[in-house]
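Presented below, as structure tokens, is a lone chain in the form predicted alone.
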Amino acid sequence: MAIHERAIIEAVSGLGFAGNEEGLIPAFGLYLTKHFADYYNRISYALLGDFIRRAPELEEDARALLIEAGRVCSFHTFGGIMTSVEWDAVVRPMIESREDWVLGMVAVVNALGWGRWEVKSLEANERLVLTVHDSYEATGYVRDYPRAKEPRCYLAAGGVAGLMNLVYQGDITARPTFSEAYYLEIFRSPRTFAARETRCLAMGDSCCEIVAERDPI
């Protein structure tokens, strides 16, 4: 395959993510932050739990909001990474097809400590099946809460949908401007990619699995 994941992980890991005097990490043309995964987890699961207690009929809306947060995050973070000078230096020379943009971004994710992402299958412009080992969302849930009846990797699900939309629904290769209008164009248009978690460590599965497919017409 064109994408050499180990080389990408070694290069990204060697960038030395360090905060400036304001606590922000300038990298990939973005400002990143580094904090405990539990900070995100507890806020997310507390939000969901509060919805369930106060208005059970809005539980699905709460899940949708958490996944939407992942889609917005991926739009800006993945979009920024894939149009950065670091990407051009490390990943882009390996790219031979549009599918390599997906594989290259997954390799970068695996250097960031979010769990181990692995592409199981990728159908160009149609479908992605991805497993996540040691997802920080799911491992945090398993430690702090009873076994879940529903998947709990909301940010990862939104991120996977966002990646497919950036590569196929939009055109990341054209270096777009990541504006609100562009977000609405690719995420609110017919047949945009949506993701669902089909297996989750929080439900007792051995790993998490996320499937991204186009919305039916």
Partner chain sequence: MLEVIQVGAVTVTRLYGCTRRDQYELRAPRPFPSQLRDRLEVGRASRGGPDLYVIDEPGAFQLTVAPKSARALMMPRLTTPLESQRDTALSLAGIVDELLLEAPR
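Since this is a predicted model, take the numbers as computed values, not measurements. Numbering follows the first chain given and starts at 1.
Separately, the form predicted together with the partner chain exists; it is not shown, and the next lines address it.
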If contact means a heavy atom within 4.5 Å, which one of 129 to 137, 99 to 107, 82 to 90, 68 to 76 is the stretch that engages the partner chain in the predicted complex? 82 to 90
Taking the partner chain as it sits in the predicted complex, is S206 near enough to touch it, meaning that at least one heavy atom pair lies within 4.5 angstroms? no
Y31 near the partner chain in the predicted complex, any heavy atom under 4.5 Å? yes
Non-hydrogen atom contact R175 with the partner chain in the predicted complex at 4.5 angstroms: yes
If we define contact as a non-hydrogen atom of the residue within 4.5 angstroms of the partner, is P26 a contact of the partner chain in the predicted complex? yes
Within 9 to 26, the residues having any heavy atom within 4.5 Å of the partner chain in the predicted complex are G14, L15, G16, N20, E21, E22, L24, P26
